[in-house]
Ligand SMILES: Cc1cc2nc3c(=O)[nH]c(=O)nc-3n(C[C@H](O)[C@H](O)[C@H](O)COP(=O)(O)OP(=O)(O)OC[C@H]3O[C@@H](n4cnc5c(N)ncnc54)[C@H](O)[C@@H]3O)c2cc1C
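Heads up, the chain below is alone and in the form predicted alone; it's given as structure tokens.
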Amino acid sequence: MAKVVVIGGGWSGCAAALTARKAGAEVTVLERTDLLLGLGNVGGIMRNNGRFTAAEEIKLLGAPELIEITDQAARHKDVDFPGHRHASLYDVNLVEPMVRRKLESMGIELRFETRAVDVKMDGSRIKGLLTADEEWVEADVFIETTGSTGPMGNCLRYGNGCSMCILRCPTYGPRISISRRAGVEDLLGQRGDDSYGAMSGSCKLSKGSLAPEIVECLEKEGVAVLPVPGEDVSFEKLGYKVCQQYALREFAENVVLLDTGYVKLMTSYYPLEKLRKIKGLENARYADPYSGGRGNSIRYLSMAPRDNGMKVEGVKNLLCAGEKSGLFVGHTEAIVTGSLAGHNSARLFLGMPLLNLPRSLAGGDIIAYANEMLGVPEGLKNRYTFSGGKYFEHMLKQGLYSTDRQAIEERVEKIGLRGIFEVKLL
């Protein structure tokens, strides 16, 4: 049996582990913290705009588990907020144990507090990974889903310092770029002013610190939109955000709050004194990152060059997914790329051609589109998501956006890929 090791237990790593396991591989996930899902523990937004289409596609392709879990954990469905329609908001307090149990039930080995720090190469193949505990972990195929943040020096150099976020680098150690250790140069995303990186796009507020009427609105409607005093409106800050789908005028003129169990504040950071000027937020405090009044984590500083089958260029047995594989934003995007990488790990082991999802699917199109944009200078300044920005505009032009489940099903049936991720190859 082929041994596949997934480095990183975020949404993309979990998706990769599931499809690699379904393909018949023995799968181990190395996660440097004590939680799966990484930024998924503070995210929560699914099915907004084109993410609905992509979620239905991935279910039909044979990787429904993670989408079904986020649906089951949803606190609110069909929520509209500025620039976004039919969003589903999962409870960030419930979802991680649900995912953990699913992976364990499928026989996937989860190794927490296990940080990969180096590689042993055999020519252009990775023979094994060295952990921070000085253990060598060998496998036939590796999948890197370590994201694009860290080490802490990046947040200091390109941001406003370590913001004490859910990634908890001071405790669990910095994320290491495995592809770079294997000799592949990292790609760096840029901001509009050509500086590197981008700031995480939202913060979490403690629900108990808000006025009762705000909490009541959030729990009933899922969303609260509060006007910002005119003297505090800042359009400049929109350019720092990872999440360009939320870099809209309405997000500068208002504070947009979403109920994900905590209260998701849709801005990279917001000075606490100014936040407390807004009616109902007089006692507000941050839950993640703890320094959300000043800054947030910096991302997109470590992408790997890859093909559309998710294989890293220059390393024979390394695939990648999630932010590691391009300027993708969001959980759905991570699940799509991770599912493909996991399935292709079995094909790579067998010497089969890797599966490329066709561009008649939103999932296949975004993977190819984001790759094309990496070769264009302006492309490094954009982020790619089904939910907004440049890619959603492209998705609309291509006629790929749909909320019609039957039409999406017919699309997947037409290309003959229904259930492809359920096929056991090994």
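Nothing here was measured: the structure is a model prediction, and the numbers come from that model. Residue positions are given as counts along the sequence shown, with the first one as 1.
This next part talks about the form predicted in complex with the named molecule, which is not shown.
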May I ask whether W11, S202 and S297 all come within 4.5 angstroms of the named molecule in the predicted complex, judged by heavy atoms? yes
As a check of understanding, the residue in G222, G189, G147, G159 with any heavy atom within 4.5 Å of the named molecule in the predicted complex should be identified as G147
Give me the residue from A370, A63, L39, L400 that has a heavy atom within 4.5 Å of the named molecule in the predicted complex. L39
One stretch from 71-79, 119-127, 173-181, 348-356 that, in the predicted complex, holds residues within 4.5 Å of the named molecule by heavy atom: 173-181
Counting only non-hydrogen atoms and a 4.5 angstroms cut-off, does H84 reach the named molecule in the predicted complex? no
4.5 Å heavy atom contact, R383 and the named molecule in the predicted complex: no
Check K311 for me: does it contact the named molecule in the predicted complex (non-hydrogen atoms, 4.5 angstroms)? no
I'd like to know if V4 sits close to the named molecule in the predicted complex, meaning any non-hydrogen atom pair within 4.5 angstroms. no
In the predicted complex: members of 43-60 within 4.5 Å of the named molecule, any heavy atom: G43, G44, I45, R51
